[in-house]
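The chain below stands alone, shown as structure tokens; this is the form predicted on its own.
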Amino acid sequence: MKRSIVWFKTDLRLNDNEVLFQAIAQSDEVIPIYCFDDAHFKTTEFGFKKTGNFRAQFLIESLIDLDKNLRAFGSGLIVVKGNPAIEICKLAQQFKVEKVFAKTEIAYEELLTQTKVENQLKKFNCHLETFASSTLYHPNDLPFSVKDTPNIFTDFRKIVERASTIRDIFPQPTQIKSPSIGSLNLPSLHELGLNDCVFDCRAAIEFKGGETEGNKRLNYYLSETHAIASYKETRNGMIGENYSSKFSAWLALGCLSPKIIYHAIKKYEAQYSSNESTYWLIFELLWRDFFVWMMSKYPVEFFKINGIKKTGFIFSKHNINLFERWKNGKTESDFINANMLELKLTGFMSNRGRQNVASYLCHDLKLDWRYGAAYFEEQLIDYDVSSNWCNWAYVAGVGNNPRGISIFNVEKQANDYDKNKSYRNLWLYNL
């Protein structure tokens, strides 16, 4: 009997999952596993947890949903905690598997973990096979190699839209053959060194993890409310559920794939109509792809103070007091303060808010941008390594910004996007 392990990571779904599809096709039985990597819950050099309360809660909910969906097709999820290079090899030996299937990684730390797992498996004549499953366009369909990817988004977009096509979705399995898998056993937030999450009624949306909830949100935003039809006009909003898609959290953990969203939009356009707004959401997915390829091209540079630039980033000696005031919403700007309080209390912030608070930290306070990126890594429910670090480098002027540095006039931004102070009043005074 040919057995394989499916190592779930940030691809926590059954639909459009090439890793699962290929494992089932090549095996008599598959063993789905998820490993809580101890390294993901440690404190970084910047003083923050790599995973905070909000994302950990969303992750736990997503794993519960994944297990439920796997069991509906005859399988289940085995959850372990520790070092993946040790834990996955233990399971490979226990179940006598020949191959481990997993998604391909592109960022430095994730690649290092992948390599360590692969090397350990080789000692037991077990092979690791990976598949690129987290982007809209498949890397093999791009008209250039990773090292030749244009560093300017507009150049990247024009070439890709002209020369590449988006693949079909991998079908959801109809049956998953597995050995007997016991009931799901998950660590608690406390066992992960974290605290319970408290929902704040002012939050733009109550995120619930899992493929089921991701599909509900997709259907709600497109078919139930038709909110997508005005996305381009509302995307710079800051209050409420539907000013933006809010797909990012489900994308970050792979509960939804970019292709699922793309094909749902195309179906919507065929049934109703296409406009600038329906295209603009696809345009945003292209930005996401672009940063994935940038991280793949520069897997180390995006974590350095100078980013991908040769010139140095000018910042003051790191000032803990100034940074803490920024982090806790106690700066001289009420607009910045409102956004930082929303992030602290909900794990989420609008795209408009993210650009402003990042610009304020880098260019008003002149602090090391990496501390801001590391705090976002801990706090954001929708943290994604490529989007987070590439966006921060972009704002800091050490990334892919073709203009070099774009400094936001925070007061003008507040007047443009919170003219009546409704957002500031919500977070600063509505306690």
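This one's a predicted model, so the numbers in the text were calculated from it and none came from an experiment. We number the residues from 1 along the sequence you see.
Omitted from view is the form predicted in complex with a small molecule, to which the following refers.
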Segment that reaches the small molecule in the model of the complex - one of 380-388, 58-66, 23-31, 39-47, heavy atoms within 4.5 Å:
380-388
Interface check vs the small molecule in the model of the complex: of K327, K99, K259, R288, the one with a heavy atom inside 4.5 Å is R288
Scan T346, S296, T135, S245 and let me know which has any heavy atom within 4.5 Å of the small molecule in the model of the complex.
S245
Look at the candidate spot formed by Y231, E284 and W392 and say whether the small molecule comes within 4.5 Å of a heavy atom in all three of them in the model of the complex.
yes
Against the small molecule in the model of the complex, would R354 count as a contact residue? Criterion: heavy atoms within 4.5 Å.
yes
Evaluate F376 for contact with the small molecule in the model of the complex, applying a 4.5 angstroms cut-off between non-hydrogen atoms, and reply yes or no.
yes
Please check if A358 has a heavy atom lying within 4.5 Å of any heavy atom of the small molecule in the model of the complex.
yes
Can you tell me if L218 lies within 4.5 angstroms of the small molecule in the model of the complex, counting non-hydrogen atoms only?
no
